[in-house]
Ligand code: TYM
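Only one chain is shown below, in structure tokens, and it's the form predicted on its own.
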């Protein structure tokens, strides 16, 4: 039986952060060992919110460097730049004929982007889920390692696939979120107001490029209280937030130590935040250092992009031959 194919991507619109790592990148690293994988730097998607392209090349290089620093092996996975695959735009056009204005306007991420950039509500922003679907099914992928915020987009992708297959014959598998059997991870921001984000509160986000002292300052500003006054007290949301973050970067022994201290009312939040900061530093520092070295090696990054584009285009051309034939566009 043919192996299932994995596909996912990250926009080059800012520095990657712990949310990107635990929501997707750690799965990329595991998945590349077991599946054919296509991992994409989504530069076309970035244009929907960042139309100024003066820094785009640098941003693409940085995301590539950070992906590789996190463990993506360009010799194992297909690591490529979205705009280097022109077949993506062709499939995107065909899928737009199967997507409806009403359903696109209901997308949660579209509503959020409209709120954030009311002066730039462009057609690309509206049809973002259509382009995302094209990215995935261009390689006939069915497994998509993404965070919880993308679940609605995947549901829409399945709808577009079902419509295409119903109208033109079975061509594409339905894509599903895949996270090695565990729940999709949504990494909370330091202030507990949502998830870590490249675009919103940067002081509440730990970036993979953050220096040690920056991490310490961000973590030490996290909201706490005087601690529980009776044993086994349920944690307030902002305290639960700290424990969730600690579970990601600290050892089980350290996490359990503070869990016990909370439950028996002896916890010292200052100590907990200091420990969390150092554990975050120990996690981020090796990635940051390797990414900086890779980012400086432009020749290597160019080779990675060329190698990835060649592999991705081979897959894309094969798919589009089938698509054109199934749609009757082979005259």
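All values derive from a computational prediction rather than experimental measurement. Numbering follows the first chain given and starts at 1.
The following text describes the form predicted in complex with this ligand, which does not appear among the structures shown.
K.L.:
According to a 4.5 angstroms non-hydrogen atom cut-off, is residue 64 in contact with this ligand in the model of the complex?
P.N.:
Residue 64: no contact with this ligand in the model of the complex.
K.L.:
May I ask you to check whether residue 19 falls inside a 4.5 Å heavy atom distance of this ligand in the model of the complex?
P.N.:
Residue 19 belongs to the contact set for this ligand.
K.L.:
Does residue 128 make contact with this ligand in the model of the complex, using a 4.5 Å heavy atom cut-off?
P.N.:
Residue 128: yes, in contact with this ligand in the model of the complex.
K.L.:
Decide whether residue 316 counts as a contact residue for this ligand in the model of the complex under a heavy atom distance cut-off of 4.5 Å.
P.N.:
No, residue 316 sits far enough from this ligand in the model of the complex that none of its heavy atoms falls within 4.5 Å.
K.L.:
In terms of non-hydrogen atoms within 4.5 angstroms, which of the given stretches 186 to 194, 230 to 238, 99 to 107, 211 to 219 touches this ligand in the model of the complex?
P.N.:
Among the listed stretches, the partner-contacting one is 186 to 194.
K.L.:
Please pick, from 202, 83, 159, 150, the one residue with any non-hydrogen atom lying within 4.5 angstroms of this ligand in the model of the complex.
P.N.:
Selected option: 150.
K.L.:
Indicate whether the candidate residues 31, 68 and 79 are all in contact with this ligand in the model of the complex, with contact defined as any heavy atom within 4.5 Å.
P.N.:
Per the other structure, none of 31, 68 and 79 touch this ligand.
K.L.:
So which residues in 298 to 314, when you check this ligand in the model of the complex, have a heavy atom no farther than 4.5 Å from it?
P.N.:
Heavy-atom contacts to this ligand in the model of the complex: nothing from 298 to 314.
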